[in-house]
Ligand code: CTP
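The form predicted alone is given below as one chain in structure tokens.
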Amino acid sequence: MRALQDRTILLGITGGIAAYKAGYVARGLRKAGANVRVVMTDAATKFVGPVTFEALTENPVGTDADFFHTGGGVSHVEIARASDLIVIAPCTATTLARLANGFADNLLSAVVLASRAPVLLVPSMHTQMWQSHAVQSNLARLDPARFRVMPPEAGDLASGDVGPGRFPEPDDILERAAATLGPRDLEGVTIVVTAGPTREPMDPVRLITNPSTGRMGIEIARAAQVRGARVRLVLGPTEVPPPRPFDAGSMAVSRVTTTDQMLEATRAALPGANALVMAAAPADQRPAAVRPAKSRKRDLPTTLGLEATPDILATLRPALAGLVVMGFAAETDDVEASGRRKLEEKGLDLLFANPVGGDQGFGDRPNEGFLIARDRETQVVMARSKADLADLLLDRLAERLPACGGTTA
């Protein structure tokens, strides 16, 4: 969430049952490094008290009681001037109508009119309200150059009904906020990302795999979508959920299990792509024979015959002409030298080599290592979160993409 760092975000909260979930959004924005100001409508304060958000943001909360005051300033103008981004979550049908028709009859709507900052709306309401002609007409009246609308999720509603209208997950709102505020330097670029392990079966219940969780590749896919890229994610078996698509085509996910399946899914994803990021950890070997039924413990072999799985990069190399290709190398020793050899052997443009083992490498642990390129000095990368590392790697990838003003040297 680099785009949110040190920015002032106004979080507008309106009077819906999902108002309590705005607390998670406020906390997430703070964790991403943003300065968060909150303005609540009078109806919102009936669901959650302002003191909750004062505690979460360490800032005073604006309410309709502050719309006119004697403090020597104009509250809605002061708040508007300070805001880099306005996020209204939840946004009720009433507030949507105010914004669509230019009303300024409460503090929040007046701030929006007085500000030039982009606005992200997160509507949340009953399905029939969301689908009504009035609400859809008001959505159509909003200026698309300034307003971004994050459609509600479908699912169980507070009324007991089921349908679109649910408040989205707070992490998804943060991603949309970052995309609204941050650079769209990968717009027009299609990136194929592989992530996660593969599993090679020995019988229906036993397999060969590795500790990869897929988190690094998933963070790269997430950051690329935030920066405007169209992402095709080939994802091995992992419990880490992939990013939700912003719209049709922004995030296509192909789930695979074996290395053969990952090879074919990656091959299918390549046409029209500009870059390939091989962040997956496919198994190098598989059992030479797969038993059709579960082997009893007493019948397990003491020696397991193995054969090599396909080398995905080597197999696809003829199809990679013109693409910027980044690989990864997880090493336990001679990390930089081993990474350099792999870059040369695989014909890669970029490679991130990182130490693994103990508390390093896998899962949500920070990553450190060496960013190696064919034509420049190796960059030493100090320990950082996988989300921060994803943005750094995409910076270097973008430098080589002609669509981003870079070169394919």
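Just so we're clear, the structure is a prediction, and the values are computed from it rather than from any experiment. All residue numbers are counted from 1 along the displayed sequence.
Just so it is clear, the following notes concern the form predicted together with ligand CTP, a form of the same protein that is not shown.
Shown alone, this chain has one stretch from 176-184, 311-319, 291-299, 136-144 that lies within 4.5 Å of ligand CTP in the predicted bound form by heavy atoms: 311-319. Ligand CTP is not drawn, but in the predicted bound form it has no heavy atom within 4.5 Å of residue 30. Within 4.5 Å of any heavy atom of ligand CTP in the predicted bound form lies no heavy atom of residue 203. Among heavy atoms of residue 214, none comes within 4.5 Å of ligand CTP in the predicted bound form. In the predicted bound form, at least one heavy atom of residue 259 sits within 4.5 Å of a heavy atom of ligand CTP.
Proximity to ligand CTP in the predicted bound form, defined as a heavy atom within 4.5 Å, holds among 153, 284, 264, 171 only for 284. Note on the partner interface in the predicted bound form: the residue among 80, 85, 329, 269 having a heavy atom within 4.5 angstroms of ligand CTP is 329.
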